[in-house]
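A single chain, nothing else alongside it, follows as structure tokens in the form predicted on its own.
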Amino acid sequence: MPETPTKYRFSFGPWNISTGADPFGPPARKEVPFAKKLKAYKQLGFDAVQFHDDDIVPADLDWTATQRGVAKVKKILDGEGLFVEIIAPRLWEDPRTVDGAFTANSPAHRRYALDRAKRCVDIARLVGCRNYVLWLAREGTYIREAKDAATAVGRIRDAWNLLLEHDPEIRILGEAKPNEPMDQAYLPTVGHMIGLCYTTCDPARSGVLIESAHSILAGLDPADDMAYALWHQKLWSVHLNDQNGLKYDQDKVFGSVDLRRAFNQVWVLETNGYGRNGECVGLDVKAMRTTTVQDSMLHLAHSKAVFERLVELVRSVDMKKVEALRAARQYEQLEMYILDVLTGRG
């Protein structure tokens, strides 16, 4: 355990306060105005904002208008006492990225994606954010024969390098996900992402963001993925949530499906010093479709509360007892001890 308890900082993105729309129905709640969303951060006990480029300003503005728009948002953030934890280019909703962004078969569409991605780096600089996230949403295929996978991976690495070279201060965080919206995604796991990191022009500025649900969708345990990235010193952000099986990305309240799985994620983060270098505990959770607009921020408060309660439980664990049980290979007893901790008997 760290000698001094970590004081965690928390973040979420404005898209986490949503209208409740899904692929099978219209919005169920009215949209909350952007400025009201930003005011909610401190009220909920959060410190930082996660942004896509077009959360800040529309993607089609010229650079002069972009600077003006970013300055307005930066003024609001400063007034609320917030900082920007991560920023990511939204490269999956434009008509020119329907076939992928960096891996599109059209050279013109690849140029658009690269230009927009570089513009997002410039926006990050304006808001004082160093963490630049690449979620490769449409970098994949519906059928294997649509693209050459080896070429595609090379194009992703080339784009990654281009962004690192565009700004010597930026850090690129790859966010892996095995599927959705694509049938098969390139670089589907944390291991794939970290492997790519070491091939970039600056591995020291190449790392990962891990989302709990994305690991689960790959049939992996998020705690193990986090531990692997921490060992490589490349876990620079997390998106905590929960997931009920290998379905669509559900973004449930953290710990709401599998409390022990959530406990193990907190254990790994806490015992390996995550957050001690300024990393945020990010959330990516959505309110249930049936939730009223009045209650449409409870999922954020609840996820943060679960994390904080699990931190208390992790800190209450008698590590000498754990080590003794490990040494004796008394794993049945160790499991019961953990269950005792989780049920208030430890």
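Residues carry their position along the shown sequence, with the first being 1. Keep in mind that what you see is a predicted model, and the values were worked out from it rather than measured.
In what follows, reference is made to the form predicted together with a small molecule, a form of this protein that is not presented.
Of the stretches 73-81, 186-194, 206-214, 163-171, only 206-214 has residues with a heavy atom within 4.5 Å of the small molecule in the predicted complex. Of the residues 135, 274, 263, 102, just one reaches the small molecule in the predicted complex with a heavy atom at 4.5 Å or closer; this is 135. Here is the short version: of 92, 228, 112, 267, the single residue with a heavy atom within 4.5 Å of the small molecule in the predicted complex is 92. Though the partner is left out of this view, residue 52 does reach within 4.5 Å of the small molecule in the predicted complex, counting heavy atoms only. In the predicted complex, the small molecule lies farther than 4.5 Å from every heavy atom of residue 234.
Within this chain, residue 331 is remote from the site of the small molecule in the predicted complex, having no heavy atom within 4.5 Å. Within this chain, residue 120 is remote from the site of the small molecule in the predicted complex, having no heavy atom within 4.5 Å.
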